[in-house]
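Below you will find one chain, with nothing else, as structure tokens; this is the form predicted on its own, and questions on how it binds or moves follow later.
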Amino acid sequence: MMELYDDERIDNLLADASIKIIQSPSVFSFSLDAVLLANFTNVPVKRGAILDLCTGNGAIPLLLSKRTNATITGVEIQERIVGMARRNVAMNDLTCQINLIHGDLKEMGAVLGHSGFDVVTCNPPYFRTPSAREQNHNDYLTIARHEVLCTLEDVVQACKLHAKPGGKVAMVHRPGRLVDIITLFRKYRLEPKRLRFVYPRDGKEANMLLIEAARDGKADLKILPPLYIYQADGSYSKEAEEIIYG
């Protein structure tokens, strides 16, 4: 029986219950963002190396393990949360495929070297660092959501450092940061290749974006069809349902 702490619980990561995941509402729970990024990312099927930065409780590596036999490395700075991720990997018998590192993505060059990964994924903190009075009293959630311990530029720089020449970098973020993302991608020689906006439903503004770039790639950006999560009646759209439930 997997040991649980405080308010942790074990949930199904996928509808078929083939992957279990430990979560905590007061520490870390995966969101739709992780599911969409794992589905959006192009991954090698049989071999290769994938790096997931800001891995949290390991949701993206767990999801990617269903799509690839490549080795997957996750990096997470919060010790309590990387502990959850390691238990998740062990609980799903994936220790031979997934390795979790407790550390700062800004310092991974010394640990992982340079240009070693075919694919780098990241679900980074979305929001610029707020003033102290605006920050969440829960440090775990503040660090996960706000650029307290790493900025968007730190993330992009790390993605470029670890992606092989020609390798892919995939990220989920908010539309309001699109200009910043593309500017930083090009600063670090990551050429945007695919971009998809995610909408709550038809008629609403996009509230999420998925973007993939190629290190040292040529300019050729494709804008993919929009992804709508809900239909007018509040049920999932057909595509969202397929992504979420398989």
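The first residue of the shown sequence is 1; numbering continues from there. No experiment lies behind these values; they were computed from the predicted model shown.
Keep in mind the form predicted in complex with a further copy of the same chain is missing from the figure; the text below concerns it.
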item: Single option in 35, 178, 43, 49 placed near a further copy of the same chain in the predicted complex, where near means a heavy atom within 4.5 Å; value: 178
item: Residue (of 26, 69, 31, 183) lying close to a further copy of the same chain in the predicted complex, criterion heavy atoms within 4.5 Å; value: 183
item: 4.5 angstroms heavy atom contact with a further copy of the same chain in the predicted complex for residue 224; value: yes
item: Touches a further copy of the same chain in the predicted complex: residue 192 (any heavy atom, 4.5 Å); value: yes
item: Residue 199: touches a further copy of the same chain in the predicted complex, heavy atom cutoff 4.5 angstroms; value: yes
item: Contact stretch among 170 to 178, 152 to 160, 89 to 97, 70 to 78 - heavy atom within 4.5 Å of a further copy of the same chain in the predicted complex; value: 170 to 178
item: In the predicted complex: members of 195 to 219 within 4.5 Å of a further copy of the same chain, any heavy atom; value: 195, 197, 199, 203, 204, 205, 206
